[in-house]
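Only one chain is given next, in structure tokens, and it is the form predicted alone.
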Amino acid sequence: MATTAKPQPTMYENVKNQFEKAANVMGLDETVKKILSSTNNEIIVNFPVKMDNGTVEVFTGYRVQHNNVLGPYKGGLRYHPTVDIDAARALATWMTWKTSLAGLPYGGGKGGIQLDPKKYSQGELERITRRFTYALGDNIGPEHDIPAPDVNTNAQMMAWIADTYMSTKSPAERSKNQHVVTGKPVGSGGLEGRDRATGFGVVVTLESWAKLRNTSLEGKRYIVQGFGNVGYWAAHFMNKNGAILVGVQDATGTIYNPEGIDPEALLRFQADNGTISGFKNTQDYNGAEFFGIDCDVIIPAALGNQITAGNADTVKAKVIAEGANGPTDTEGEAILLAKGIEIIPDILCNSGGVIGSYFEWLQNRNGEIWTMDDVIIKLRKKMEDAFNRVVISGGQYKTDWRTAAYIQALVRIEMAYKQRGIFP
């Protein structure tokens, strides 16, 4: 008879555990701790949309605004069956830490719609997105709350949001509102290089890790979970460093080749076949054993809570670079750290995306057009600076890098509250 497994902590419970640990290590001001322990606003909207066949479906959308002491709320919108208020709270809170750590003038927000986008046509997704934007109304805005793409959302959807939001303003005000979202297509005010910013940032942190450990990424074997935007671009830049991709897992399957997998050829295969399974010269691999593959580097770039107490023991890698939000739960992390495995935490590792978003927001706000070279140079500098600050903080507080990253983020927020005080 099977024993009942202990329930896995939710993402929000993980966030709270990580926050508590950092707050205690650094001695965070109790008032600031109290404020940051809850979200500022939680918006739930139910809105009807007409389907292609003429029927009407009612969808539920979420937007959680965690904190804005440093600037407007900032964070993605995801379209996924797992979207609920608890997940949105967790992701919004992480965005507050992420934007603070990156030194951006932003707070944290997150949201989305609970749906599987594969079940809807392009026309239906457009109507769902536009209606969601209209339902949110002035809860978003270019100087108030700035959404961006996330899981299952893309540049096209951001263009629909921008167009819908701008259409609600008077003609003279419309162009001033283009930066209500970031991650737009380049032709609609988007930033060159925004597509690769998160994956590039992941690899910059790995280059910084290699430098810190007096090694290089040349010849390092790595695996990637999730072969979407973040996973593909991370693999692209890892290969440029001479690293060898030996395993890939996504929702469609798990593949392995100890001799190496070409990410560019895999991307073309995936586009043609809608799956990674069956890619040439690879064998299908047991998905449950993916994180146990013999490699130096793991890049989880899919969903949260993937490395847990149930599989952390099998990990052989030296370093985990968290391309996803919350891929390692607190119990899994304790096991990894005890084994001496280093973790580049999500709020540092995948912050290239929100830094790229900040550049796009500035570009729109100032009426400028930045080149790809501008973006890559500025992004590298910000990522390397954040990495170095986390390492120094880890040494200063004698703690792991996640806690050190939180401390770096919290110090900046604590200072803002102390300087500004509480109104009235």
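Note that residue numbering follows the sequence shown and begins at 1. Quick caveat, the model's predicted, so the values are computed rather than measured.
Keep in mind that the form predicted in complex with glutamic acid is missing from the display, and what follows is about it.
Glutamic acid is not shown here, and in the model of the complex it never comes within 4.5 Å of any heavy atom of Gly201.
Taking the partner from the other structure, glutamic acid in the model of the complex has a heavy atom within 4.5 Å of a heavy atom of Asp150. In the model of the complex, glutamic acid sits beyond 4.5 Å of every heavy atom of Lys184. In the model of the complex, Val354 approaches glutamic acid with a heavy atom inside 4.5 Å. The putative spot formed by Met158, His179 and Gln363 is not touched by glutamic acid in the model of the complex; no residue has a non-hydrogen atom within 4.5 angstroms of it.
Note that among 132-140, 326-334, 288-296, 345-353, the stretch whose heavy atoms approach glutamic acid to within 4.5 Å in the model of the complex is 345-353. Residue Met95 is the only one of Ala301, Val248, Met95, Ala235 with a heavy atom lying within 4.5 Å of glutamic acid in the model of the complex. Shown without its partner, this chain lists Gly76, Pro72, Gly193, Gly226 as candidates; in the model of the complex, only Gly76 has a non-hydrogen atom within 4.5 angstroms of glutamic acid.
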